[in-house]
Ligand SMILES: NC(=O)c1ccc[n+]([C@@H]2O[C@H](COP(=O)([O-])OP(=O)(O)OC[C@H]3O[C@@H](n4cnc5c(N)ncnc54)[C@H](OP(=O)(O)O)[C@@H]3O)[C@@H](O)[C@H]2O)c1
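Next up: a single chain in structure tokens, the form predicted on its own.
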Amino acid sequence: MEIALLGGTGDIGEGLALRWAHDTEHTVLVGSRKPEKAASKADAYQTQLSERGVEHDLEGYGNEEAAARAEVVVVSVPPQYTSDTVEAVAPALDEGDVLVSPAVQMARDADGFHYDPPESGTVAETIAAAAPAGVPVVGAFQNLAAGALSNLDNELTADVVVTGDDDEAKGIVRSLAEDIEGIRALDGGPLANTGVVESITPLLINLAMNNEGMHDLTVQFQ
């Protein structure tokens, strides 16, 4: 399957790109507003994998071209840019493509991080409002620490909650999530439930900041 990571040069994009390239045979497309930056990052990821004995071609493109080549498009840009990014790539999306929302909108003050949802309710719903008709949106990966993903020496043991209104799209994303070694994907219900998932992330960051040995804290449900 072809997976595009819009903003694939950032922290969460890097982590997902490396894990899918390391653990699977999926085609991984690194996207950026600047095609040359995407190409450079894709080369850097490929070099990192080659040093571990993994040969996997990663390709770098501008966001729109990456989206046009993919079946699953992960909007791995900062939350304030998600709507503009989706609107920019909308002409490149085909009916049946799947958009994935891993971002969480947060605020920080002297006490730590706090959930600060957008007016639309959640980042995932912001993306859904900007997405073309026939392109479902799925929330996933919000509670994974970017550092835990990008450090390939780190053995993941984490649950990923997947939300969305299209069962087929959710099934695709759950399968892709579980293709990453150490991840279990759970159905969290419709997209309206995404806020509950997003709101866990600032808690995890605060725990990691205030407790030793919890730098790459993840979630497991038992």
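Note that the structure is a prediction, hence the values are computed from the model and not measured. One-based numbering along the sequence shown.
The same protein also has a form predicted in complex with the ligand, omitted here; what follows describes it.
Participant: Given a 4.5 Å cut-off on heavy atoms, tell me which of 158-166, 49-57, 31-39, 176-184 is the interface stretch with the ligand in the predicted complex.
Facilitator: Result for this chain: 31-39.
Participant: Tell me whether 9, 12 and 85, taken together, all sit within 4.5 Å of the ligand in the predicted complex, counting heavy atoms only.
Facilitator: Yes, all three are in contact.
Participant: Just one of 98, 131, 145, 89 has a heavy atom within 4.5 Å of the ligand in the predicted complex. Which one?
Facilitator: None of the others qualify; the residue that does is 145.
Participant: Check residue 136 for me: does it contact the ligand in the predicted complex (non-hydrogen atoms, 4.5 angstroms)?
Facilitator: No, no contact at 4.5 Å.
Participant: Please determine whether residue 78 contacts the ligand in the predicted complex, using a 4.5 Å cut-off between heavy atoms.
Facilitator: Yes.
Participant: Does residue 103 reach the ligand in the predicted complex if we count a contact as any heavy atom within 4.5 Å?
Facilitator: Within the cut-off, so yes.
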